[in-house]
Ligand SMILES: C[S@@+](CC[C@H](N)C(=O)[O-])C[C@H]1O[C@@H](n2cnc3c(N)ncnc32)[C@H](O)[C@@H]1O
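Okay, so here's just one chain, in structure tokens, the form predicted alone.
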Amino acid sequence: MTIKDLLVQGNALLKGHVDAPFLDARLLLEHILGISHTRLLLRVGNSVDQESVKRFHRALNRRLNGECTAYIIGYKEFWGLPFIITPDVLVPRPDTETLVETALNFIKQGWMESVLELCTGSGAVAVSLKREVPYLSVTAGDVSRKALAVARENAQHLQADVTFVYSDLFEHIEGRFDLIVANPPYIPTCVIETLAREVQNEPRLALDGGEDGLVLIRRIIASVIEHLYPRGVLLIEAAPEQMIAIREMMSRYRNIQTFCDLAGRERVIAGTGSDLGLALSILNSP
């Protein structure tokens, strides 16, 4: 049986069950054979040994049973980098690259030196920012120790000097930052049971945003005053339908803006903290 035969088989088996059957089949087969996409294309007519065929079919069955491809192969590409992914972390989505892109646009204004990421998960955002702008001081926190272990491993193998902190949002975060970014859980609790099975298999802690999906976002906005420099920027990823409510929560911020993902949907909201900094100085005055 050739590589081409297996790709055709895999696509046919997954079709109607997953969103991208051919892509998933290709990624699984590349992983099983230990070869790159380019080498796979160059060898489509090559025969595959029987043991690899069996492993491929086992991987396809895992995919059919609701296990996402990233968990099966152990990594996911994000921002052009290969991140280690385990069932202890949320699989980074292309939508979240909008958060990285927006952050970089602010950083490139030239005055930012320190970044904090909340709810870091696999560390994909923090590591991507550090790799893009090496002079940044990057701190990342998460309430899951298992997620932090994965994030540290990613930072190590991608050679990114990021400081990781076990923290429930700002609980154990010290100091203030020029930029704070967050991709917190924002799916309403009642919606999670309606999602695709593979999504439901991801960590509930990284998905569940409470009754309206905004529980953690409210906490972030309410607590950020002590951790953001006066002209610093807060960036939050959320669902497009949540942006109006979040904008209202950020009424004390200046220069509130939203940024769209590749599908043209509002995905990231930003606000500068000058008014918050003024409020903090008043609170601290004798």
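All of these numbers come straight from a predicted model, not from anything done at the bench. Sequential numbering from 1, following the sequence displayed.
Although it is not shown, the form predicted in complex with the named molecule is what the next lines describe.
Screening 238-246, 24-32, 214-222, 253-261 for residues having heavy atoms within 4.5 Å of the named molecule in the model of the complex returns a single hit, 214-222. With respect to the named molecule in the model of the complex, the three residues E113, P134 and V162 uniformly fall beyond 4.5 angstroms at the level of their nearest heavy atom.
Checking L90, I180, L129, A155 against the named molecule in the model of the complex, a heavy atom within 4.5 Å turns up for just one residue: L90. Of the listed positions (N201, T86, S144, T189), a single one reaches within 4.5 angstroms of the named molecule by any non-hydrogen atom in the model of the complex, namely S144. Not displayed here, the named molecule is approached by L169 to within 4.5 Å at the level of heavy atoms in the model of the complex. Heavy atoms of T98 never reach within 4.5 Å of the named molecule in the model of the complex, leaving it off the interface. Remark: A206 counts among the residues lining the named molecule in the model of the complex, judged by a heavy atom distance of 4.5 Å or less. Taking the partner from elsewhere, C119 is found to have a heavy atom lying within 4.5 Å of the named molecule in the model of the complex. Residues of 228-267 placing a heavy atom within 4.5 Å of the named molecule in the model of the complex: none.
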